[in-house]
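Structure 1 and structure 2, given next as structure tokens, are two forms of the same protein chain, each shown alone.
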Structure 1
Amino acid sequence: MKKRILTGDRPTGPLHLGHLVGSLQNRVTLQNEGNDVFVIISDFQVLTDRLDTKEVERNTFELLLDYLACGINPDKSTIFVQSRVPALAELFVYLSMLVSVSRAQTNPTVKEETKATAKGKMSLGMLGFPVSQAADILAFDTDVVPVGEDQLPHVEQARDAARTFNHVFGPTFKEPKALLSKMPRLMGLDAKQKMSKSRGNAIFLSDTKEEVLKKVKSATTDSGKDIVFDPEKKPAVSNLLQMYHLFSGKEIKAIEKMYEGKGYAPFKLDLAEVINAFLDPIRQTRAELAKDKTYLSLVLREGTVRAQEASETVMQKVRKHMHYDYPSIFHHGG
């Protein structure tokens, strides 16, 4: 049965291999299965942890290029820009009146920001970040939100907001369900934390062959020379083996056998080659698309119009249930 899907990213920089295996491939599958996929470029939410906005427009186009190059089809999926859909800001206002400060503070993203900043330095926008995400999800009558395990609380926040609204104003929203990615979390090249653009441990989808080779050669390894999959004793090598498996399709046991007694240097060179071979078609598609700014603008414009229409349908129901649909005031002369 066809489902409405809501997923997306903040335009804060290029996407990397972790995004590819953790979410992008899943989005393409959901799209190709015939679901109604909405992909949000969450430009408002860039502001939750940074105020330098000079690169937001460029990053939005870079994000779009990554989406299209990885197989998200604008004829099947709706790609849109958050700040250009007025319903999202309106619904955020309504929901923010229903969510307590203490409930917002239980969200892991807010908790992490609380630890990272000195007391009193958190912005009101960061505190409201989970409510903004709830508005994004609920405004599209979303059935399913694909997430990693660490993002489950964000979906639960949306479900809570939906329940509260329905209790106060009457049945309006579905309670969206989370769809967990089946892919393992891809750790960064430092093997310490998950791959992240802010931690300098990522291979980006837009990296050149030379950049990939340089990054893989400098990737963290463990003591010794044996290339074996043992996440407890050899976490760094196990992480690189996992990458080799994901991007070559070879089983880990077969890879171990290939490099028995060979050491890390030839293994890393071949891993870089495997990743580059995987990224080549993405790079080529990306380069072709980047030449046509008119087409890219059209994709965003048409997707955003579709998102405006879909969210407005939901908001008409929201306003009616809240008694905020009082047009008569504006229809009487005087």
Structure 2
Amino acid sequence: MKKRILTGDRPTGPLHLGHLVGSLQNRVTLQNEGNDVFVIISDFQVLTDRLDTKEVERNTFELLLDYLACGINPDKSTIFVQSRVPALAELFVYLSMLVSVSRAQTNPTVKEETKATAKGKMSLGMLGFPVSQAADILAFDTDVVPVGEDQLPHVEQARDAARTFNHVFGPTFKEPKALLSKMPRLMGLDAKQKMSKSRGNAIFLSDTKEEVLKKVKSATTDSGKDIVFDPEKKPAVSNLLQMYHLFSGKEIKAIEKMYEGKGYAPFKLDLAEVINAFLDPIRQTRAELAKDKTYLSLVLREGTVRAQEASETVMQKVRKHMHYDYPSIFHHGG
């Protein structure tokens, strides 16, 4: 049966390898299996940890290019901009009344994000953004949310919000399920934290060959020079081996064998080549698509209208169940 899928990204920069293996590949598969995929460009969420908004529009187009170049087909899937769908803000207001501050404060990802990118200063918007995300998910009657591991606490909060709403106002929402990929948390090139757009540790899908080579060459390694997979003792090299495996399709054991006694330098050169070979077709499609700004704008406009319609259908049910479909002056003939 056709499922409703919702997932997305913040327009804080272009997408990286972590997005690709953590969520994007799953989105494309779900789309090609005939599901109804909605991809949200979460521009409200940009504001959780920064107030410099000059790059948001440019980053929105960067995300769109990444989606299209990786196989999201706008004839099958809906790509839209969060702030242009007013129902999401409305539902956020309703849901935020159902969540206690102490419940919001238990979300570990909010704490991690605050530490990593907001210099430890937590805004009310940062504390509440999982509830805003719950509104995004529930407003589309979502069944499945393909996400990276850092998002699991947020999907849990969306399930909580659905349950509480259903309890208070009667059965309205489904409880959405998170879908993790085989690689739900790709570590960054610093090997210390997850690969992230905003933490200077990412290989972007749009990086040039030279940038990829430079980044891989300067990636953190562990002491000793053996290329062996041991996430406990050699987290950095293990992470690079994972990447080699993911983007070449070779088994980790086979890769270890190839570099026995060879040291980091040739391994890193080859890894850069493996990543570049994988990214080449994506880069080419991306460059072609980038020439047609009119088409890109049309994709976003049409997607956003579809998202407005789909969320409005759910919101009519929400307002009715809350007795907020009043006053009667808004009804035909009322």
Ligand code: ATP
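Because the structure is a prediction, the values reported are computed rather than measured. Numbering runs along the sequence of structure 1, starting at 1. Take the two forms, find the largest set of C-alpha atoms that superpose within 1.5 Å, and that set is the rigid core.
Trainee: Looking for the form predicted on its own among these two structures; is it 1 or 2?
Mentor: Form predicted on its own: structure 1.
Trainee: Quick one: core overlaid, is Ala236 moving 2 Å or more at the Cα between structure 1 and structure 2?
Mentor: Comparing the forms between structure 1 and structure 2, which are aligned on their rigid core, Ala236 does shift its C-alpha by 2 Å or more.
Trainee: Does the distance between the two CA positions of Glu256 reach 2 Å or more between structure 1 and structure 2, the core being superposed?
Mentor: Result for Glu256: yes, a 2 Å-plus shift.
Trainee: Is there a C-alpha shift of 2 Å or more at Ser198 between structure 1 and structure 2 once the rigid core is superposed?
Mentor: Passes the 2 Å threshold, so yes.
Trainee: What is the Cα shift of Thr221 between structure 1 and structure 2 once the core is superposed, in angstrom?
Mentor: Shift of Thr221 at C-alpha, rigid core superposed: 3.0 Å.
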